[in-house]
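Next up: just one chain, as structure tokens, the form predicted on its own.
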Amino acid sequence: MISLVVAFPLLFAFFIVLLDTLRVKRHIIQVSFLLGAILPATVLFMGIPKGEIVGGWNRISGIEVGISELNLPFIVGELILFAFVALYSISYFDFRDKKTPKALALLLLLHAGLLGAFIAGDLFNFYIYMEIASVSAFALITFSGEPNSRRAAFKYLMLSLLASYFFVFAIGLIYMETGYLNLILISENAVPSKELNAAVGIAFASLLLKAGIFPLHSWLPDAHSSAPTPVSAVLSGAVVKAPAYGLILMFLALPVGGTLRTLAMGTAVVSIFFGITMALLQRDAKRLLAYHTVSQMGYVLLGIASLNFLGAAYYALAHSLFKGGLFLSVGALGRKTRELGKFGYRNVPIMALSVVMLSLAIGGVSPFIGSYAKGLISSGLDGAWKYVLYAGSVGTLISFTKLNYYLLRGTSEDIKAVWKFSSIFLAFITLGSGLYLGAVFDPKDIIYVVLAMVLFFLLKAADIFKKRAHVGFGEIGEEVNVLTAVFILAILASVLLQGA
């Protein structure tokens, strides 16, 4: 029964390819796409078991899938976001372009890959589904037609595949040492050894790259900002969550040393503030949002490294909702240009309300879901680590004050009703889910918002926002070589600190 969440989108992706070949009417393809997007959610209302082994085989040789309190937030976040992305995509992808059915089929493959990774109970199937999602994402990025989209997709492809090869090598080492791929059996039989420590270090660095966390994030800003708007929303809101969930599985099942955990916490903090700093220096609205994904994934890693897996899972859910909503909103407003100051929401009040609400949610302002998730992360931190969250919230609010400042000064035209619907509903879901989970209004948040606005105008007066920040290495081959070297160094550091 649980495996139906993957079977539905795979089945309708096949139907779309078949219907396109038979040249049926576009409305039938659109209905098939929406069914493939929404039907997996119905499985959650069927009274499903917590876990099952497909085909009734034993745990050693069977494929185990399950839904638990740890993967449920990932699944719910993906299902909600993808439902709105599907509605948005129906009117975004133009059927006058022959590639539209292919784009819809790839989106369903991406949907299936993500859901499969989140329900997988063994490392091999987790890897397979994560790769289905990644390969679909590579192709979808090129559908935007932007000048840099093919370069961005190529860089993402090369680095992600490299990380995949190392990750599957780590899976092989784990199998060699424990004799199992099932995560429950691995956790019951894992005995610390140099080989197992090497596998943990390699897998950690590989998943860090795929999650777009500093210093292995370089593919993310280009890929997320160059993709078509609905694809950007899924990439930032859900695709980077699959490797983050993989990190949770690894920390649960394998003996991760204290030194590597400390490295992970330090990396998380650097990622949070590096992402904010780079976002502040962007004039391209989608690149600003993309750098905030680097920052926000730092919060998820902070939860994982502090062994607060539930906090990390709920932060991933929160980020899926507000970041997906922000990409859909800003993408709808900036159809003709993405440069801040040249478009905005001054003449579209409903989009203004959407962006402001989503900005408060990502800034952790109560009672939005971001405040609930940050509270959970904070509950697992000691001492000075808690101040990272406060400082990060203020930094994020400064950056989104900048975004709203420029959007308030411009106008936009031709925003379709379904795009407004998707944006405002996601905004209200971030508020409603926060209230449902127990977040209450905290007057201290007003101080953070006011402080962020004051700091924004001080930075603006100092002409900080006129500076440009773009890290590049010229030719794409040279850039990939440099980034590969950084990745190899990260693997070596992780392996050594894990004690291999």
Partner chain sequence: MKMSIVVRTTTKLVSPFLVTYAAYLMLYGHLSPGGGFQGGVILAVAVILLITSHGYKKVRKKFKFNWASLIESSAGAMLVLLGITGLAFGAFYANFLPTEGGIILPFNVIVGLEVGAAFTFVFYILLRWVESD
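On a predicted model such as this, the values are computed, not experimentally measured, just so you know. Numbering follows the first chain given and starts at 1.
Separately, the form predicted in complex with the partner chain exists; it is not shown, and the next lines address it.
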Exercise: residue 481 in contact with the partner chain in the predicted complex, heavy atom 4.5 Å: no
Going by a heavy atom distance of 4.5 Å, is residue 22 a contact of the partner chain in the predicted complex? yes
In the predicted complex, does residue 28 come within 4.5 Å of the partner chain, counting heavy atoms only? no
Against the partner chain in the predicted complex, would residue 438 count as a contact residue? Criterion: heavy atoms within 4.5 Å. no
Three-residue site 446, 459 and 461 fully in contact with the partner chain in the predicted complex at 4.5 Å by heavy atom: no
Selected contact from 492, 476, 10, 486, since only one has a non-hydrogen atom within 4.5 angstroms of the partner chain in the predicted complex: 10
54-62, 428-436, 32-40, 447-455: which one contacts the partner chain in the predicted complex at 4.5 Å, heavy atom to heavy atom? 54-62
